[in-house]
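There is one chain below, alone, in structure tokens, taken in the form predicted on its own.
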């Protein structure tokens, strides 16, 4: 009887597992459907799309829409393609991610290992900044950028994203460093190590997991941002603003294949980051959640 019961339980478990996998597969297919539509239509001639065959595989495969989206598509009044705006986004994202992550790490280090009177209030205010809507800071940020002479430039966009991202990076590093033994910091001080030496030689080498979280979060938010880029970009607009202009500035026949190719080009960097480092994201978030 025990063997029969065990076989029944194993059989039931397999049926349940197969059902769960089928449901997950259904959701995955539903989720990937837009990507499939964009992908196959980005390598089709426009005539096949306008003929009503958006779901079918291409009869004629072509990369001309990709070449047009990258280098010759009409963006606003200039047929420059997305290439210069892609470079603007790279020049904006890399420094903004690096600076906000480093400053967040220093803030987390100070708020956990070099505590001072009122540090809880300081952290609370920085945490509060994470919940401030983008629209509220548009006018104050425009005034600051104007006074600094950074309006309509890539350095101005870097400053905007660094300021807005410090609250998040501080939260991540503060929670991560809170689980780090303070005794090691005290021992390093006794041995004569100073503020930056302790940070550089002790804390920073073990900050890999949370640094990945900070980089992925900041990279995704900054690359996908539209509002700040449209408001403060001026002639140095990022990729997302250019993609919107690509769709809106098309005249006559809508080149849907070029639009699909441009959308995929805009999404490729964040997709690459998640493929390379995505598995470390949850691991990094959980690393500082339990002390001990």
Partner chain sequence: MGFLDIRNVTKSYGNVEVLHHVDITVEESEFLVLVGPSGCGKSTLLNMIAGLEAISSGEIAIKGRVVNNVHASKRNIAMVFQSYALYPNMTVGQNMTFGLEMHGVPKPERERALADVAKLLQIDHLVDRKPGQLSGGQRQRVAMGRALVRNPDVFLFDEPLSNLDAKLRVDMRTEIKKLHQKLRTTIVYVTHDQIEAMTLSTRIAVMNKGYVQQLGTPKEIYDTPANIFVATFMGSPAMNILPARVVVEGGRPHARIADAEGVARLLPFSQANLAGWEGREILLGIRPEAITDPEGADRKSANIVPLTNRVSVTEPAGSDTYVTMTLSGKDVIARMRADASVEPGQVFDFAVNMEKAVAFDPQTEERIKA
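Numbering follows the first chain given and starts at 1. All of these numbers come straight from a predicted model, not from anything done at the bench.
Here the subject shifts to the form predicted in complex with its partner chain, a form of this protein not shown in this document.
Is its partner chain in the predicted bound form close enough to 68, 78 and 82 that every residue in that trio has a heavy atom within 4.5 angstroms of it?
The answer is no: none of the three residues contacts the partner (heavy atom, 4.5 Å cut-off).
Taking heavy atoms only, is residue 206 within 4.5 angstroms of its partner chain in the predicted bound form?
Flag for residue 206 set to yes.
How about residue 151: is it within 4.5 Å of its partner chain in the predicted bound form, going by heavy atoms?
No, residue 151 is distant from the partner.
How about residue 189: is it within 4.5 Å of its partner chain in the predicted bound form, going by heavy atoms?
Yes.
Residue 193: heavy atom within 4.5 Å of its partner chain in the predicted bound form?
Answer yes; at least one heavy atom of residue 193 falls within 4.5 Å of its partner chain in the predicted bound form.
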